[in-house]
Structure formats: C-alpha cells, structure tokens
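First structure 1, then structure 2: two forms of the same chain, each alone, as structure tokens.
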Structure 1
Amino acid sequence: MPITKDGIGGILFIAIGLTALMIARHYPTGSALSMGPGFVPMIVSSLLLGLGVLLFCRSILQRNETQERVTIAWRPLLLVTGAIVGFALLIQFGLVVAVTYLVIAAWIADPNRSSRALPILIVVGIGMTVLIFKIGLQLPISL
C-alpha cells in the first residue's frame, strides 16, 4: 500500500494531537466560567487528533485518486540542520569561529558548490556579520 502525502500528514498530526492530549491531561481544565490552564489545550489537542484522523481516513478512501508520493531530500535536510546546530554549539567560541563553520557547512550542503567560491564566501560572511552586528547594531557578541 503506497503511503500518500495526506496519509503521512494524518499520522503526523494524530501523533502530535495524542502527545499534546497526554500532556494536557494533567493540567486542570476548570469550568467554562473560570477556565483553567488546561481548557484550551484540551480543545486544541482534541481537534488536532480528530482532524488528523479525518485526514488519514480520507487518504485511505481516496487512494484511487492521483496522490503524489512524498519526497524528502535527506541530504540538504540533514546538512542544513547540522550546519545550524553546529552554529548554536560554536557561537560560545565567538563570531568568527561560528560564522566560518556555518559557511563551510553550508558550502558542503550546496550541490552546485565550487571550491573557488569558499574563501570568498567566508570573507564576505565574516565581513557582513561584523559590519551589521558589531559595528551597525553594536551588539555585545565576542568576535
């Protein structure tokens, strides 16, 4: 059985709705007169769950209609995410280190990269951040 976009979307939102519902269960709901902190979370997560089920069921029923398969480009997804996570971990060592790393990581993620561009990108990247964040906005970040 080929899994369609809506099928996966339905499962995703069922999972989100269920998780939210499990967590929100512990919040006091209160009454309509004086709503507790769990009142709105309960409604929202139930609706998420319900509509997620609806989406999933509909995708099963409409399988004969042309539904596109899902394509996830894992390479850019993992590389770009890795670049951002690395930046978050490296920023404590200063702007230059983090930005240099970010440019190199982004360059690796680029399917059309050219080796000549890398040094220029690093210089431009550092120059731009220093100009905007250090000199322009005068933010207290160490270089």
Structure 2
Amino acid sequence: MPITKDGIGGILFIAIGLTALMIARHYPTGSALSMGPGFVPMIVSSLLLGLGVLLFCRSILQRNETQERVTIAWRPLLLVTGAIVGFALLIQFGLVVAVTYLVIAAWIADPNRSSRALPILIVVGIGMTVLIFKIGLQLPISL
C-alpha cells in the first residue's frame, strides 16, 4: 500500500494528538465557564486527533493516480537525526566540537554536497552559534 503525503500528515497529526491527550489527561479540565489548566490542551489535541483521522481516511478513500506518492529519503533522514542526537551528546565537550560534528553529518546527508563548501559551513556554523548563544544570550556553554 503506497502512502501519500496526506496519509503521512494524518498519521503525524494522530500521533501528536494522542501524545498531547496522554500528557494532558491528568490535568483538571473544569468546565466551559470555569476552565481548568487541562481544558485547552484537551480541546486542541482532540481537534488535532480528529483532523488526523479525517486526513488519513481521505488519503485512503481518494486513491487515484493523481495523488503524489511519497518516497522517504532514509539516508538523509537517519543522518540528520543522528547529527542532532550526536550534537546533544557532544555539547558537553564544547560548542566547537558539537557544531563541527553537526555540520559534517548534515553535509554528508546532502546529496548535492560540495567539498569546497564544508569548511565555510563549519566556520559560519561555529561563528553564528558563538555569536547567538555565547555572546548574545550569554549562555554558560564552553567553547
């Protein structure tokens, strides 16, 4: 069963709606006149869940050749996910190490990568993160 963009969007909305409902299930909802802290999350996550179900059902019912099929680019998806996880693990060794790893992993994921662009990307990536987080926000992150 090939999956379409609507099907993937529906599954994503269902997952986010269910997760939000699970998180907000212990919050007191109150009533419409006296809303508790769980009222709005319950309504929004229910609407998101319903939208996801409608979108997924629509993708199943409207099967024709005009729907654009989705092919997932697994290599870039796994490399970028690994880059983010690696960044989170390497940030304890300093910003330069973590950003360098992140840029190299993301560069490998790009199918149209250029070897001349890599050093520029690393320098710009390190420079921007130092400017934003170290100087601008004055976060206590080691370089």
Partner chain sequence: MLDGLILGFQVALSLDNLLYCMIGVTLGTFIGMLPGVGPLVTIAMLLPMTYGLTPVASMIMLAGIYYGASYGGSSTAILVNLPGESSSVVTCIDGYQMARKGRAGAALAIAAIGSFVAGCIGTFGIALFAPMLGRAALAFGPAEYASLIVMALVATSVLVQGALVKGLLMALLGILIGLVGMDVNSGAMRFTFGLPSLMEGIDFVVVAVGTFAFAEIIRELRPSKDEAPGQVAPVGSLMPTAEELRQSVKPILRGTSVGMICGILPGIGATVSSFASYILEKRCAKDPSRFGQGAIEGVAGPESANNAASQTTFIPTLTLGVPGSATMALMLGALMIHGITPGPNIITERPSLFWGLVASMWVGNLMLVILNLPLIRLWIVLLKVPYSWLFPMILILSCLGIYTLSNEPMDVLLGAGFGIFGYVVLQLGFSLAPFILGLVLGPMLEENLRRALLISHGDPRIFIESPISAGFLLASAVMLALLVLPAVRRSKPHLEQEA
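These numbers come from a predicted model, not from an experiment. If you superpose the two forms and keep the largest set of C-alpha atoms that fall within 1.5 Å, you have the rigid core. Residue positions are counted from 1 along structure 1's sequence.
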| item | value |
| --- | --- |
| Of the two forms shown alone, the one predicted together with its partner chain | 1 |
| Threshold 2 Å Cα movement between the two structures for V103, core superposed | no |
| Per-residue C-alpha change between the two structures, G9, threshold 2 Å, rigid core fit | yes |
| L21 C-alpha relocation of at least 2 Å between the two structures, rigid core basis | yes |
| Following rigid core superposition, Cα shift of L49 between the two structures in Å | 11.2 |
